[in-house]
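Let's start with one chain on its own, the form predicted alone, as structure tokens.
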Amino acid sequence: MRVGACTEACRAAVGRAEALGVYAVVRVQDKIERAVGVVNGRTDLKSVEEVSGVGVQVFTASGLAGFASSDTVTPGSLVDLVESAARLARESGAYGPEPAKGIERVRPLVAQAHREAPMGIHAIGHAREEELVADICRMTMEIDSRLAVRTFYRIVDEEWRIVRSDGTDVMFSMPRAAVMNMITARGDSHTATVNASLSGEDASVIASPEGRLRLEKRTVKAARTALALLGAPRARAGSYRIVIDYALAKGLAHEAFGHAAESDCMETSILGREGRFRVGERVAADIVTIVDGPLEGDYAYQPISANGIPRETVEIVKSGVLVRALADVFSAQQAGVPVTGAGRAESFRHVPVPRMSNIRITVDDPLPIDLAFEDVAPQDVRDCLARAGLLLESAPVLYLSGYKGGQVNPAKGDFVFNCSAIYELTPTDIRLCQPAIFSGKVLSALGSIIAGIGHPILDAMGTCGKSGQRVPSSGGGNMFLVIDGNEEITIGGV
């Protein structure tokens, strides 16, 4: 691994920290990233970025902390960083900071977790990537002359090395790639925009036959939805029994619940009480389980935390009951939870904070559906509901398709999400409607889940923002979740 070349520099940092009487955590990052963007068949972005550097965080015996970083990784530069961070730590005592305790209790670890992606960043060249992305864009445009298309592709080869004063020395890689088609249909007086994306660990998302087929199916489905939306009516506002797809389920789990389960926010979280995680309390229907943890081959894969602690797979909710939090070494004790290695950092310039990786929400005994997600039509969703006796005679069931972001108040548990399209499902009809706001209270939504449909799909990807940092995220759930009508969950409209 490339970060294996900085051994002498890391040893110099640890040696200088020992001489100064402080504890050091050294974080070396080496990242190569390529991107291609094509708009309506023409390349408008083609970039290559290489980032490398080191951040050093030190702690005094009393828990005062200091941090310094540099894009120069040499023995001399790391000695200078340790000295700067130690000076900042001691000077910070004048401001009365909370002591940063816990790192001294963590067991040392020496390990290497190098993920060798089959079609990694060196498998195909930048020119070939541009050809493939342009071909995807043109293929989408050929579906209908009313479509405008932007296709964006990114592949990343990222390595980290974490060295601590206790002898810890770990190296790990985080390969990832994603492609997104942003499709806009234009009518005489209306426009409609939908997305089709695919994520994974390497160039197979655009270069393998399997990846290309999945992306094409998702693209055609999204494009036809955008075109149909040009003449679609609006759904009437109100509370309904609803069906959400796995991308919306990921949004619900991540934004409305996952952040609330991070151990550094218990003072303001709906899952905390007096700063402590509410372990053992019921927060969802008894068929619901919420899990976060790294998955090999996933877009947000990270096997070891940015503090050099193995990243655990955590059952946050099991059978509807709170079990464990996502905890880093510095906030776990205060939150009353065990450390789970949840610390992540955007780059060597950042201090880690507890973050999700791949979060998924699943339901016991889901209803079967014998189709790939890309092949499921609204008719199939309606038929599945009808077979299970979940289709209503008195009111439509609303099927919400696609996740387009949203906002959450973690202290109150209020969420507001946006979808791409809504289908009204009745025993005799299916009507496409304009997208509308999906909003409510997260615990009401989790408590109202009555069924899942299909096997879990976990590749809904995004970027998670917190503490001024952005890191890759992903997740999902059963192909679809069914949420019963609840006055605290509403769909916007006319």
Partner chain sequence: MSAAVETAEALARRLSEARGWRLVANSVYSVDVGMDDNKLCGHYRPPRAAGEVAGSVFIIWEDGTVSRGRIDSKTLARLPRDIELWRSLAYRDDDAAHIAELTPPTQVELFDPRVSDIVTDDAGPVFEAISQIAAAAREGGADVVDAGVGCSAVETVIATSNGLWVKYPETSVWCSWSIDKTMSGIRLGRDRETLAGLARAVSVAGRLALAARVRVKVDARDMRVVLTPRAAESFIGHYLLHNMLGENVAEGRSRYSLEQFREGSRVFRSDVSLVIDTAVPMGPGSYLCTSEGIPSGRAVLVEGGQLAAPILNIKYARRCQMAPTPIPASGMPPGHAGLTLRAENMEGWTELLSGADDVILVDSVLGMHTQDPTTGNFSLAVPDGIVVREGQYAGAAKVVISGNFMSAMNEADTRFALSDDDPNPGIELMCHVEG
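Numbering follows the first chain given and starts at 1. Remember, it's a predicted structure, so these values are computed and weren't measured experimentally.
If you look for the form predicted together with its partner chain, you will not find it shown, but the lines that follow are about it.
K.L.:
Heavy atom within 4.5 Å of its partner chain in the predicted complex: which of 319, 333, 208, 407?
P.N.:
Partner contact (heavy atom, 4.5 Å) among the options: 407.
K.L.:
Considering 186, 241, 218, 276, which brings a non-hydrogen atom within 4.5 Å of its partner chain in the predicted complex?
P.N.:
That would be 186.
K.L.:
Heavy atoms within 4.5 Å of its partner chain in the predicted complex: which stretch in 233-241, 393-401, 113-121, 131-139 meets that?
P.N.:
That would be 233-241.
K.L.:
In the predicted complex, does each residue in the set 68, 350 and 414 place a non-hydrogen atom within 4.5 angstroms of its partner chain?
P.N.:
The answer is yes; 68, 350 and 414 each reach its partner chain.
K.L.:
Although its partner chain is absent from this view, report whether residue 324 comes within 4.5 Å of it in the predicted complex, heavy atoms only.
P.N.:
Looking in the predicted complex, residue contacts with its partner chain do not include residue 324, since no heavy atom lies within 4.5 Å.
K.L.:
Quick check on residue 387: any heavy atom within 4.5 Å of its partner chain in the predicted complex?
P.N.:
No, residue 387 is distant from the partner.
K.L.:
Taking heavy atoms and a 4.5 Å cut-off, does residue 454 contact its partner chain in the predicted complex?
P.N.:
Looking in the predicted complex, residue contacts with its partner chain do not include residue 454, since no heavy atom lies within 4.5 Å.
K.L.:
If you check in the predicted complex, is residue 126 within 4.5 Å of its partner chain, heavy atoms only?
P.N.:
Although its partner chain is absent here, residue 126 would touch it in the predicted complex, with heavy atoms inside 4.5 Å.
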